[in-house]
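One chain follows as structure tokens, the form predicted alone.
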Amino acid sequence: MNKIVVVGGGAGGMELITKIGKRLGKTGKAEITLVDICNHHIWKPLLHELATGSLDEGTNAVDYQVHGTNNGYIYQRGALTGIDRENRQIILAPLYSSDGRLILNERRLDYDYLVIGIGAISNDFGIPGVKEHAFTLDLTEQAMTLRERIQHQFMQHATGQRQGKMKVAIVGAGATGVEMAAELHHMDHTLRRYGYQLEKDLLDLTIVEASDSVMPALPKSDLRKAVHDKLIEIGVKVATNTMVTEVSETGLSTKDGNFIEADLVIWAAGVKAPEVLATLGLEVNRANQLMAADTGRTLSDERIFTFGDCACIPQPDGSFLPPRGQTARQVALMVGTNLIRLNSNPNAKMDSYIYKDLGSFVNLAHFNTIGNMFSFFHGGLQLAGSPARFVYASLYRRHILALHGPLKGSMILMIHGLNRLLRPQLKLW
């Protein structure tokens, strides 16, 4: 029986492991194992909502151990540190508790086929002070830490222990930065409704972007302008064509010699592949991404596959797949199909992936949702307001249905809907 190990339980990894777990694991055709450094999954595009309390991690998290039991795979917690390709084993780092106690020693797991989908981490571009003074949103734990910091600052202002403006700087005007800015303003408004004694113009929030517009990934300039105008309308300052040169405890220094004061800095300026990928003995590019064919199979080893932001996959026109959620999901599912075929026939013909831009959406909390569908077809269809919000929400609904199946998934979504109606709009503890 083949052993298939998937490293990375993000959105793409979870849909892949669910697919092959049901097809191969539950039927006894292969032994499937998921490896992740966390013990649960939360859809990464919602981490900004988790960081402000709009999302309840208790009802939205998927426990890997339980999900694996129901879907035909084994879960192992740990961080990938090496690959022994000769013996077909991966090496997991020792696992420690938060207070430094050793929980698990270094381990080795056997594989016949290995899939690496550990995503990306925030790219600090070597700028001094980012690691020390800025918050990132790569992991659930980081979002929870940021939420505590934000809530404490609002509490200090509400009780008069902190005076003046609450100054926040968000570096990067992509989806994460823009949505985080809107969520912070939503949090400000909601806390005031819940009795916090806050000044109406308390939040002094600036988005800093090196390019010439917000949401540079959106294909149409009028969409980018719509996002920009809405941000200005809700009170966000937007500084485009502005490069950060240093982050300190009190704010940001910029290339043009200005200084942006900030009590809180959130870094969302870009992503890079984790550095561990360059130590595995596999071919990587300058960004540490694993070099792979359009089938998802790495160029270095026919037994190892990859997908998502940690993969560099070519396209027929000579370009490479962009680091986007839709490509990660689609390539992951294709890799799953290829693994199912290879499990039956090692010489089976594999599918290849050709990118089609299905669109982009940005959700500005309750203020607005803006985006574009089917961008590959004559520029696509532009949406805003309720229709755009419906499409945006349907992406998460599709993910839940993929993980839990139509019946259970629909029940979970119904519970989520009731929870949003019944619980406070913000989780304050």
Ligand SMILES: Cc1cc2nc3c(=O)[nH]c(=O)nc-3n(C[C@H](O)[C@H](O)[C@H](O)COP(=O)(O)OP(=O)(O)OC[C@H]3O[C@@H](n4cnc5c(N)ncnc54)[C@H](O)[C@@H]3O)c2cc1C
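Small disclaimer: the values here were computed from a predicted structure and weren't measured. One rule holds for the numbers: they count along the sequence shown, beginning at 1.
Separately, the form predicted together with the named molecule exists; it is not shown, and the next lines address it.
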statement: Among 187 to 195, 326 to 334, 256 to 264, 106 to 114, the stretch whose residues bring a heavy atom within 4.5 Å of the named molecule in the predicted complex is 326 to 334
task: Identify which of 393, 62, 37, 401 has a heavy atom within 4.5 Å of the named molecule in the predicted complex; exactly one of them does.
output: 37
- request: Although the named molecule is absent from this view, report whether residue 78 comes within 4.5 Å of it in the predicted complex, heavy atoms only.
  value: yes
- prompt: Can any non-hydrogen atom of residue 209 be found within 4.5 angstroms of the named molecule in the predicted complex?
  reply: no
- request: Examine residue 176 and determine whether its closest non-hydrogen atom to the named molecule in the predicted complex is within 4.5 angstroms.
  value: yes
message: Is residue 387 near the named molecule? Define near as a heavy atom within 4.5 Å, in the predicted complex.
response: no
- request: Counting only non-hydrogen atoms and a 4.5 Å cut-off, give the residues of 1 to 30 close to the named molecule in the predicted complex.
  value: 7, 8, 9, 10, 11, 12, 13
